[in-house]
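Heads up, the chain below is alone and in the form predicted on its own; it's given as structure tokens.
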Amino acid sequence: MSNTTFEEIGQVLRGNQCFAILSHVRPDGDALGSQLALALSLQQLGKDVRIWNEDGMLEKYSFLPRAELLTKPPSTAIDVDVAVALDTAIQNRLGTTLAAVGSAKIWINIDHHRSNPGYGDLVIIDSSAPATGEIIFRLIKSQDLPFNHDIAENLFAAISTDTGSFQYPKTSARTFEIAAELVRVGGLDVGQISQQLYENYPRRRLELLRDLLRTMRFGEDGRVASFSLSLKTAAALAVLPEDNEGLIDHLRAIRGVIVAVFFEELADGKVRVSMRSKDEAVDVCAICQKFGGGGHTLAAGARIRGSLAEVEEKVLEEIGEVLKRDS
């Protein structure tokens, strides 16, 4: 936990009127759920709140309560009292929302990525938390901020998705206790929320997985598995960027695989690399930081300039070197 206290942030939230709540490009359930939860709590306090993400609200999370409030940022900058960056390890990962904030008296940075350098005026980075949603819950409860069913459902979705449905290593007793309180106090239907999160995929996502598995390759005696998505394939299948989320888990689940990698060709001449590890001795955050990225020990990513083939070769070579050192 960094030096800023929940009390200091609580004072700023109560003492100001105009807020912009932001999160990272290519958002996930933790980013969007945390944004909506904090924003809805502030609205209950009578605050003027804008909720922005470069990609807007994703189709797959559009069932979240008050999802319509989360929009793409305006093209004309707006001044606010407080800008809050959630779940965003590197400030430039806020994308176009950064330019939409004309000025802010105070920047708040709340995150759980250990690679976060601590940008902003008030900073809470708790890398022991498996999801930013867990930190937002603790902030709301400790500061006696407004809390209701809609806030609870958004936080449950945030925590569930970023813990791999309560399966990842940082899922703690505290995580389950928070989830239980969200269900009990918020009156949540866990089965219905989970069905929306995990059993409601568009067909194109499965067609994408079929194509990805055709590119699957193994290295380092089966300890590294990867697959790749070209722009050509993405266009042919008419997939949305959000369709990729979670597909890398099919590689990570293979017995003997320690590191799984997903390479995605982007239109700007870069390749988006997502990396997962099943062994804390193989720190994929450290590997991704060598390429300008970051994240967690067991889950990290980077955007690397070059062709798909070039980036695959460089990254897989680096992973191989790390595995050789650690074996």
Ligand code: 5GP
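Numbering starts at 1 and follows the sequence shown. Here the structure is a predicted model, which means the values were calculated and not measured.
Keep in mind that the form predicted in complex with the named molecule is not shown, yet the notes after this line are about it.
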{"item": "Contact of G293 with the named molecule in the predicted complex (heavy atom, 4.5 Å)", "value": "yes"}
{"item": "The named molecule contact in the predicted complex: R50, any heavy atom under 4.5 Å", "value": "no"}
{"item": "G301 within 4.5 Å of the named molecule in the predicted complex, heavy atoms", "value": "yes"}
{"item": "Non-hydrogen atom contact I90 with the named molecule in the predicted complex at 4.5 angstroms", "value": "yes"}
{"item": "Among the candidates K60, R272, K278, R66, the residue which, in the predicted complex, approaches the named molecule to within 4.5 Å (heavy atoms)", "value": "R272"}
